[in-house]
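Okay, here we've got a single chain as structure tokens, the form predicted on its own, with questions on binding and movement later.
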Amino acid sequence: MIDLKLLRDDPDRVRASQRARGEDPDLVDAALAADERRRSAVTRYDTLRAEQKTIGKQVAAAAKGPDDEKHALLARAKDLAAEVKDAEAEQAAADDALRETQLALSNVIEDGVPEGGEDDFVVIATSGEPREFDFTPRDHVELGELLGAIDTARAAKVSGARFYYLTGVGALLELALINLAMQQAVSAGFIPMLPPALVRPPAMEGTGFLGQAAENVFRLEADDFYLVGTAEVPLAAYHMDEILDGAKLPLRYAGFSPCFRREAGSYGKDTKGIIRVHQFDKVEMFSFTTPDEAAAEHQRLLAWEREFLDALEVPYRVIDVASGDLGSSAARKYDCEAWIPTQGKYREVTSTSNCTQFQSRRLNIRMRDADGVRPLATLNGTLCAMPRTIVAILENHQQEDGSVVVPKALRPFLGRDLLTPSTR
């Protein structure tokens, strides 16, 4: 949620952010008008309420006075009671209208974010060189079948398109990735979490997933629950309506959860294999910190993502995502994209976003320090999204006979150095 002080003091900055995102800058004027209506409503209510208290005292004092004076005061008190009730309702309606306009505004982007759409990112780092094969590499679907690791055909029979089974070494590979990711996160000071995958509307709305991202959210209408698309949602909402001790920040959590996405608007994209699916597992990092430390914390989250990808020995690049491709909550976002040999391009495998105070305002999470009580900053970062990470490992570490060399960091968790074609 946008800071009202920023909206009042520097509306041009908010308008510029809206334009850079490709969103409506007129929403800023709507929010300013709603803010003015609310302030007028508050002033009216406070004025009437003060008069009501004064009249109440006068009525008590006039109890033994002339009847005409007492009757006049009682009549005014009756009129005031109705006016105060109307003013209170007007203020409540103005509060709701202001909140609605604030919720419609996306976070203000950081200075320096590249402007443009999906293809206007800036590459800020690369790691490793794409491998030169002396044989024709197989894609992850064929490798998954050879290894007895991935079964999309039976998943389609059971659940439909964009679902999959991980079987045999495929299941073991995911479990190894989970354990490696959690070990790294705990070593870095994160508290491991297994959060709920079903959340109530305030949690989903508070994290910003019921705006532009709503079309990709699964909802259980009969029970008014949402299936989370990322552990970011329950981790962010964990401290909803709380005041945290500023001296104990940052608070860092690493959550493992199933994730569910409708993939609306992706018809015809990545229909083969497990790159774009409706359900997958993920280890997500989440940080609550002071606003002053948010930018530095963002760099730390990115460094932890890169450390994990380095351990998997896959080539990747880091991009600064353009303004028009940011989620509504992110002020800045970095993606790590792994090289996928059979596609001849980099594909996103992790991302990290600085959401500044946007989510904490919506979720009513504050901090207390020497400067008083105020909103804190929230940040998130994917440490390992299982399907795409498995794709990157299989394709980059494959051998001519269809076997796959296990990255050294995974071997203690997987208990083998090589994945070999299944004999089943």
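Position 1 is the first residue in the sequence shown; the rest follow in order. In this text, all values refer to a predicted model and were calculated from it rather than measured experimentally. Only the largest set of C-alpha atoms that superpose within 1.5 Å between the two forms is called the rigid core.
Keep in mind that the form predicted together with the RNA is missing from the display, and what follows is about it.
- Remark: Arg200 counts among the residues lining the RNA in the model of the complex, judged by a heavy atom distance of 4.5 Å or less.
- The shortest heavy atom separation between Met240 and the RNA in the model of the complex exceeds 4.5 Å.
- Remark: Ala93 does not count among the residues lining the RNA in the model of the complex, judged by a heavy atom distance of 4.5 Å or less.
- Contact check for Ala303: every heavy atom lies farther than 4.5 Å from the RNA in the model of the complex.
- Looking at 388-396, 42-50, 353-361, 23-31, the stretch with residues near the RNA in the model of the complex, meaning non-hydrogen atoms within 4.5 angstroms, turns out to be 42-50.
- With the partner removed from view, the residue among Leu74, Ala125, Val122, Ala171 that has a non-hydrogen atom within 4.5 Å of the RNA in the model of the complex turns out to be Leu74.
- Of the residues Arg99, Lys157, Lys269, Lys78, just one reaches the RNA in the model of the complex with a heavy atom at 4.5 Å or closer; this is Lys78.
- Although the RNA is not shown here, in the model of the complex the stretch 363-377 places heavy atoms of Arg366, Arg368, Val373 within 4.5 Å of it, in sequence order.
- For Asn364, a C-alpha deviation below 2 angstroms is recorded between this form and the one not shown after rigid-core alignment.
- Taking the rigid core as fixed, one finds a CA shift for Thr43 smaller than 2 Å between this form and the one not shown.
- A displacement of 2 angstroms or greater separates the C-alpha positions of Ile55 between this form and the one not shown, with the rigid core held in common.
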